[in-house]
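First, one chain by itself in structure tokens, the form predicted on its own.
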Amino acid sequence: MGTDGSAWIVSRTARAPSNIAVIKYWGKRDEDLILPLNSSISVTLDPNDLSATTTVSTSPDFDADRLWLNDKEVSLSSHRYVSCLKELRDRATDVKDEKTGIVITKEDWKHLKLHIVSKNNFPTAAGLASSAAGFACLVFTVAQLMGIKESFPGELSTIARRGSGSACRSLHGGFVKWEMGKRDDGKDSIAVPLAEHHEWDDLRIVICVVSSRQKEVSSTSGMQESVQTSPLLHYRAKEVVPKRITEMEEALSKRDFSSFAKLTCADSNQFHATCLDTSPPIFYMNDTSRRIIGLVERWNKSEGSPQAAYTFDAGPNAVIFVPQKSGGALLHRLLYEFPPPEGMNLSSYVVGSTELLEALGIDKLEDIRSLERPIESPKRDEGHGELAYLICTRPGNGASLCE
């Protein structure tokens, strides 16, 4: 009860972004603790364009933990939610809410229930790391509500990892490394920042949303099948990834886009080769995904050096990295080969930052129809494009409280 005997509610709201791995994690050495077979490196995306926003409230009037995701109530009975909330309650501290003056003790948190409301501003379960943003936001927001302070660097990331492995990376901004760790208890499997987002300020990102539908094979089940049946996966984790991690860290420290691009494309291709090496094979990419790869590879070959880099997570959607100076040229090629469907507004087809559209000088659909054919591109199919839409963004900050 409040100081005057009235019922009360205390809340916190936070936002956490999605992240895209450029050196992939695929497969776990411990399913319960979600400990990966190999380390990974990711880029955190601008939360204005791809993020989860979560409000967590508590009150003595609440009789159960409840979760609403994108306006629909979702069960909290899954092991991942149960594990995260238990770990957080075990670390809760005495808290005095500044707005209400309510004091909640460490003992109170063992009994108080939580109501969690979370929304994504991008497609869920479509291969754009929505679970990473969601669990990072959940863990960060509850930690703020319960006054949790890390007893060792990266402790919060070990909790977020229990919900979704890549969620640990979304707690930080910019470029992030998830250390695989060696301990059986997972305390050394943490996310650590490599570089802040502003340290590579001219890097731009275009996400080609091929499909916003939920993927047929979830990442969790896909990983389990690959671990059990793919010899390539185990060779990759032991022999290939450690070297690539070192090379990618060097490329990031030097802001070497050419090396960054080559490593990013190669690692994406090998990840999907691992999926094909799984029995039965897993197909996350489709024909449109492969057309996007061809577009980037032709452009890079025609210029004699990497102009852009693509990567695909466990889904058909492409994430393309490009230096700011070449961003307009990338968008030109994408709009030429994948024009908007009939009847779709330009503002609905190209969302997020308008910077690249402005650089290209396009402000209406008619401008797209008159784009000249890039020298290395095949003649445009006069039919409709096959993309749902494009998201233009850049590297961004990690999890943060909202006003």
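All residue numbers are counted from 1 along the displayed sequence. From a predicted model like this one, the values you see are computed outputs, not experimental measurements.
Heads up, the form predicted in complex with a small molecule isn't pictured, but that's what we're talking about next.
Contact with the small molecule in the predicted complex, defined as any heavy atom within 4.5 Å, is confined among 317-325, 257-265, 162-170, 81-89 to 162-170. Here the marked residues 307, 310 and 394 all miss the small molecule in the predicted complex; none has a heavy atom within 4.5 angstroms. Between the small molecule and the residues 148, 223, 210, 252, the one pair within 4.5 Å by heavy atoms in the predicted complex involves 223.
Only one of 271, 175, 140, 122 comes within 4.5 Å of the small molecule in the predicted complex through a heavy atom, and that residue is 271.
Among heavy atoms of residue 278, none comes within 4.5 Å of the small molecule in the predicted complex. The shortest heavy atom separation between residue 390 and the small molecule in the predicted complex exceeds 4.5 Å. The small molecule in the predicted complex comes within 4.5 Å of no heavy atom belonging to residue 66. Although the partner is absent from this view, residue 24 contacts the small molecule in the predicted complex, with a non-hydrogen atom inside 4.5 angstroms.
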